[in-house]
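Two forms, one chain: they're shown below as structure tokens, one block per form, named structure 1 and structure 2.
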Structure 1
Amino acid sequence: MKILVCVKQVADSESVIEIGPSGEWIAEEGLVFRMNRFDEYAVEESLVIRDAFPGSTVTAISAGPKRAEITARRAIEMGADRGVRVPLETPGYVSPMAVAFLIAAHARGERYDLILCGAMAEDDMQAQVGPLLAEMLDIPSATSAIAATVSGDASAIRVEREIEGGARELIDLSLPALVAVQPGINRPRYPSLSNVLRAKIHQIPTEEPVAAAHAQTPERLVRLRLPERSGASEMLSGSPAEKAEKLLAILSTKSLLQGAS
């Protein structure tokens, strides 16, 4: 099987997020960039499927600036066979429509049997690129996959979708298909030493830039802002011990600690 896995490079979410001078994106200087956590599960799933079907290959694709190569390489460190970068130099917000268009342009020529994506990107949180890409390539798709099994003859994939309240629905998709995976579908592996060494010397080719010939102009991000605190919220101040005392006083007044003895 020929498998494509989409990996996005995002700013580490533990970093302090500040709005950049344009007011339209975060200030990126000094931030650490890494693979979108949701995509680690997609990479792991692609490796599990590859290993079950001898002769299969996994290609990891990342659309982004030069630094996105590191994320494609990370997928190789985990075990992917090759990495590709689609140049996307526009700083700031990029419409998922444009990203899907670029990845579709690569995928069309390659005839993948299976495309895997993460549930969503930690930065824009649109959860769109997977289902957009499937429609652009005219292949069936399912999101929120918490389990996936390729049929023995590699003609279909059975997907268990996680829906509200922990319930699940089962869907068979004929291949080629696209599946967006949910964290929990597997435990992403850590890179092995041999794969780390292999990734070091691996060239990450850059796709030829394609003109983003869109039917229409995409949506525009006009402003990024920090959320307001709700009026009802109070940050406790003081030393850690003082905060502990304050919290204790609050809980006692609300008689929430009553009966503890």
Structure 2
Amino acid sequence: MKILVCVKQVADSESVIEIGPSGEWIAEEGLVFRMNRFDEYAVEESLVIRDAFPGSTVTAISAGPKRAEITARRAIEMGADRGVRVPLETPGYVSPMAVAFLIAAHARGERYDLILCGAMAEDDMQAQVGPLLAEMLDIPSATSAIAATVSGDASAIRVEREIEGGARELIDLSLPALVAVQPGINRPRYPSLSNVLRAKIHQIPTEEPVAAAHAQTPERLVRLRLPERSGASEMLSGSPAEKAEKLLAILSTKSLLQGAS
């Protein structure tokens, strides 16, 4: 089997994230970037499936600037066979449609049997790249997967997925197909020393730029803004008994506690 796993580079949530001067995207200077956590589960699932089918290969693909090679290399450290970067040098927000268009341009020529991706990205949380990619490649897809089993003859994949109301759904997809996985489907492995050393010397090829990507984008980000404060906080001082009395008075004033005095 030929497996493609999509990995995105995002800003580390531990970094101080601020909106850039233009107001159209975050200020990237000084940020630390890493692999999207949701995609780590997709990488692990691709490795589990590969190990179950000897002779299979896993390719990790990341669309982004030069620094995105670090994310593809991280997938190799986890065990992927190779990494590919699709150049995307445009600064600022990039729509899911444009990303899916770029990855689809690569996937068409490779004829992958299975494409895996995370349920969503941590930064925009739109959960759209996977379904859009499947539509562009005209293959079946499933999202929110919490379990996936490839048939013995590698012709289909059975996916268990979460749906509304806490219910679960079992569906069978003929391969080739795309599956977007949820956290908890597995436990991502730590990179082994041998894979870390292999990743250091591995060449990450860069695909030819696809100039038409933005022509496929029917949307644009107008501006970002920080959420407004929902209300002021009040710190209570004094002994435990005094603070309890003050809290009861506040709850009574706001009619949140009947009979307080």
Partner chain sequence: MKPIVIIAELESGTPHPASFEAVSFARALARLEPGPLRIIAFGADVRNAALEIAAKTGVDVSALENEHAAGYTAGLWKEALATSIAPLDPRFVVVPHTARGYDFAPGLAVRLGAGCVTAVEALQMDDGAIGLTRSAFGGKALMHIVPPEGCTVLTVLPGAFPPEEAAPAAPGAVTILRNNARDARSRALGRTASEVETASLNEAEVIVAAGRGIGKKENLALIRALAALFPRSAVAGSRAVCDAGWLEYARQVGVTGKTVSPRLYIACGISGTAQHVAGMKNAQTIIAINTDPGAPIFNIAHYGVAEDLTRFIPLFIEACGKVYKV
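This structure is a prediction, so every number in the text was calculated from the model and none was measured. FYI, numbering is relative to structure 1, first residue = 1. Heads up, when I say rigid core I mean the largest set of C-alphas that superpose within 1.5 Å between the two forms.
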Legend entry - Structure number, where the criterion is the form predicted on its own: 2
Inset, instruction - Note yes or no: does the Cα of Glu24 move by 2 Å or more between the two structures after the core is superposed? - result: no
Inset, instruction - Establish whether a shift of 2 Å or more occurs at the C-alpha of Ala11 between the two structures, with the two forms superposed on the rigid core. - result: no
Legend entry - CA of Gly109, rigid core aligned, shift of 2 Å or more between the two structures: no
Legend entry - Rigid-core-superposed Cα shift at Ile250 between the two structures, Å: 7.8
